[in-house]
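Here we start with a single chain on its own, the form predicted on its own, put down as structure tokens.
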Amino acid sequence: MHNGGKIVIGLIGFLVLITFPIWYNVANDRAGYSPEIEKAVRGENCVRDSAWMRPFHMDLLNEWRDRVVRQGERFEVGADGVTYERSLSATCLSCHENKDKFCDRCHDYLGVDPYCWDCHVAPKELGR
């Protein structure tokens, strides 16, 4: 092996470089960080359990969009027996008023750019 030392140094440098984000977050005590989102200002219950809503809310919103736009079904009865309007603006944002502290805080942290606001008017534009 003529260049064995250079290869080993290169591999060590490569490993340090690709693991840098992990070491950086551990050193800055951000390894277990998750954004603090604002609780609902109204209502005791969401349309679904919050443990389900956290990972699957986009599926529910897509289902609501399809049902309203394609089938004209604007309402649904939740598991709690309450009738909810399938509406991001009228239902979701009536309890979670602050888009910046609820939607954006988590989506920004995850680097997700939802397309909800391509069609819907963002609450700050409504003056909420």
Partner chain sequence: MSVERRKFLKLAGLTAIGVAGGLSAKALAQEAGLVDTAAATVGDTAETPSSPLRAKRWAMVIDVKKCREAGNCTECQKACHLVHNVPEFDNPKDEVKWIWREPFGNAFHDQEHEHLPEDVKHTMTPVLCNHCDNPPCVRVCPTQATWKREQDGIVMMDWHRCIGCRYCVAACPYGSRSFNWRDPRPHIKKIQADFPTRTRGVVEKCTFCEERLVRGQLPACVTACKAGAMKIGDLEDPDSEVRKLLAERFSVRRKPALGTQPEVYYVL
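A quick note: this is a predicted structure, and the numbers were derived from the prediction, not measured. Positions refer to the first chain, counted from 1.
One more form of this protein should be noted, the form predicted in complex with the partner chain, which is absent from this view; the next part is about it.
- For the residues Asp100, Glu73, Glu36, Asp29, the 4.5 Å heavy atom test against the partner chain in the model of the complex is passed only by Glu73.
- Taking a 4.5 Å heavy atom cutoff to the partner chain in the model of the complex, the contact residue among Ile9, Cys119, Leu15, Ile22 is Cys119.
- Three-residue candidate spot Ala40, Asn45 and Cys95; no residue lies within 4.5 angstroms of the partner chain in the model of the complex by any non-hydrogen atom.
- Though the partner is left out of this view, Gly78 does reach within 4.5 Å of the partner chain in the model of the complex, counting heavy atoms only.
- Thr91 falls outside the set of residues with a heavy atom inside 4.5 Å of the partner chain in the model of the complex.
- Although the partner is absent here, Ala51 sits far enough away that none of its heavy atoms falls within 4.5 Å of the partner chain in the model of the complex.
- For the chain shown alone, Met58 is not a contact residue for the partner chain in the model of the complex, no non-hydrogen atom being within 4.5 angstroms.
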